[in-house]
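The form predicted alone is given below as one chain in structure tokens.
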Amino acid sequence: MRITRAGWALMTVLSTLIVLLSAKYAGLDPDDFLSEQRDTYLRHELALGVHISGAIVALAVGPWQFCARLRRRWPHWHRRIGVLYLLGCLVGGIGALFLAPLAYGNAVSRLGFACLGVAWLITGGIGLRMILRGRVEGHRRWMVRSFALTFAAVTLRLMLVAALAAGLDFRTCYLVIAWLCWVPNLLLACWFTRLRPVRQVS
């Protein structure tokens, strides 16, 4: 699978946009919280801050791991960014597991976000193990899958905006999107990475 320049550019722009929009939550200002979840977030600010900080880092640096030019010319930076990305996934994933049981909605949305957190940690962990064993192609495959889950931060917000614009019920949409924001991403990533060697954008 080759990541085209246009695809990489779109991925990077969307990721950066969500990072900028989400950065305000790092300040933990109650006025920025989802109104339905404000009291819950105020009681669990530490877990929220951990999740937000880790997720923002992973989403901000993740796209640059797919830039072959960076990897070829500055391999040390590729490794450093990779370490930063995996640390972001680890921190964000741990925070996600603490927050999942408190997610808005009911057991459906909570289970959806819990599974996302677990899958996020597992894919990153396997990707790390692959590169430590020198299995570069396996590492690339699992990093694609890992970032597909990181990109759920983008797909979740795009889906919510589309659902609200269509006038659909927010609660019902949220229950469905808790799964749709990441399951299709992961399935597509698995399908594409099984077809042929992963090639980064040049």
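A residue's number is simply how far along the shown sequence it sits, counting from 1. Keep in mind that what you see is a predicted model, and the values were worked out from it rather than measured.
Omitted here: the form predicted in complex with protoporphyrin IX containing FE (HEM). The next part is about that form.
Engineer: Pick from 64 to 72, 49 to 57, 161 to 169, 137 to 145: which stretch has non-hydrogen atoms within 4.5 Å of protoporphyrin IX containing FE (HEM) in the predicted bound form?
Structural biologist: Checking each option against the 4.5 Å cut-off leaves 49 to 57.
Engineer: Exactly one of 99, 91, 128, 81 has a non-hydrogen atom within 4.5 Å of protoporphyrin IX containing FE (HEM) in the predicted bound form; which residue is it?
Structural biologist: Spelling it out, the residue with a heavy atom inside the cut-off is 99.
Engineer: Heavy atom to heavy atom, is residue 185 within 4.5 Å of protoporphyrin IX containing FE (HEM) in the predicted bound form?
Structural biologist: Residue 185: no contact with protoporphyrin IX containing FE (HEM) in the predicted bound form.
Engineer: Are any of the heavy atoms in residue 193 no more than 4.5 Å from a heavy atom of protoporphyrin IX containing FE (HEM) in the predicted bound form?
Structural biologist: No.
Engineer: With a 4.5 Å heavy atom cut-off, would you call residue 149 a contact of protoporphyrin IX containing FE (HEM) in the predicted bound form?
Structural biologist: Yes - in the predicted bound form, heavy atoms of residue 149 and protoporphyrin IX containing FE (HEM) come within 4.5 Å of each other.
Engineer: I'd like to know if residue 103 sits close to protoporphyrin IX containing FE (HEM) in the predicted bound form, meaning any non-hydrogen atom pair within 4.5 angstroms.
Structural biologist: Yes.
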